[in-house]
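Starting off, we have a lone chain in the form predicted alone, written out as structure tokens.
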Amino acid sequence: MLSSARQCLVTSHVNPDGDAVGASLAWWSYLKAAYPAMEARVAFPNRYPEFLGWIEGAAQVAVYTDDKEKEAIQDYVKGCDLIFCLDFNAINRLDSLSEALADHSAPRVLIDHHRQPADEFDLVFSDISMSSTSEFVYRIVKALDGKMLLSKGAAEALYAGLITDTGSFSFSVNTPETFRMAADLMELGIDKNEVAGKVYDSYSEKRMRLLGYCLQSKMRVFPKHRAACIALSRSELEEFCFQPGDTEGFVNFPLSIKKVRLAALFMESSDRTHIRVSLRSKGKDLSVNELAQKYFNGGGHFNASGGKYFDSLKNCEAYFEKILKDEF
């Protein structure tokens, strides 16, 4: 498929996180190095978080919600004979970008580590034991050509994806191979401390104040059910000049409380049509993937999942309390 392709698209899910951005840009970089006759571009449904803008190639990513780029992406996709789908398991995770792929006959290749991939792809690399899609991309590149075809910039992208999806190796690391990957990336010249600094130490003052507001004023704890939640309205987000990615990781903070094993973050969407739901758990006996599927039209990983709730924020909180009473 690679040797015959002349034009390809690399894409990832709406609200791309560190793993989506890192894996996509590293794979794009590899394609350029290994197949110089192939034209490759990266397009996301909406803009990536500002704190990931330093990753090599990020400035060249096309964004579908940008009116100036939307038509260009549609025209480019028409000429593609190969489409790579990274870090998501169903085309609807592309949000409005899915419309550009809807009637396209080009083969779709999935590289992902989420559960239950949809039957919408022509070639599927899916393994939930992978720590991240970035690790999956690394292993595929190494199997195809060896890691030496990865540039330092691509290696930095993969490391950024790896540490953001594993909480700097604190979860989702299932095999020693993940640490061997990190060692290999260091051998390619990355400065792991510098990458970590760019990822975790470049937030805005507003983002930090929003976090403080969440923990002080918005976090609700339910000791009886060993759970906690944070709910943010659109007006509250706007008060803190919210930018995509600002709430990345917020849902994990309640899990630092000793007896809390389930945490939820509810955020009103920008168009106020629904509530974005993020669920996290700790331990091996509570699957938030099952909760997301059952109650929020979503899914994801065993300990990290998400979904949507189509009603008000107030009703979403009440709904969550009912779930706690019914399930726990």
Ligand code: 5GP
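So that there is no doubt, residue numbering starts at 1 and follows the sequence shown. Because the structure is predicted, anything quoted here is derived from the model rather than measured.
What follows is about the form predicted together with the ligand, which we do not show.
Asks: Residue-level contact is defined here as any heavy atom of the residue lying within 4.5 Å of the ligand in the predicted bound form; does Ser278 satisfy this criterion?
Replies: Close contact exists here: in the predicted bound form, Ser278 approaches the ligand to within 4.5 Å, heavy atoms only.
Asks: Using a 4.5 Å heavy atom cut-off, state whether Gly299 contacts the ligand in the predicted bound form.
Replies: So Gly299 counts as contacting the ligand.
Asks: Find out whether any non-hydrogen atom of His114 is located within 4.5 angstroms of the ligand in the predicted bound form, and reply yes or no.
Replies: Contact check for His114: yes, within 4.5 Å of the ligand in the predicted bound form.
Asks: Give a yes or no for Gly18: in the predicted bound form, does one of its heavy atoms lie within 4.5 Å of a heavy atom belonging to the ligand?
Replies: Looking in the predicted bound form, residue contacts with the ligand do not include Gly18, since no heavy atom lies within 4.5 Å.
Asks: Which is the contacting stretch out of 56-64, 34-42, 291-299, 266-274, given heavy atoms within 4.5 Å of the ligand in the predicted bound form?
Replies: Residues of 291-299 come within 4.5 Å of the partner.
Asks: Even though the chain is shown alone, can you say which residues of 8-27 have a heavy atom within 4.5 Å of the ligand in the predicted bound form?
Replies: Contacting residue: only His13.
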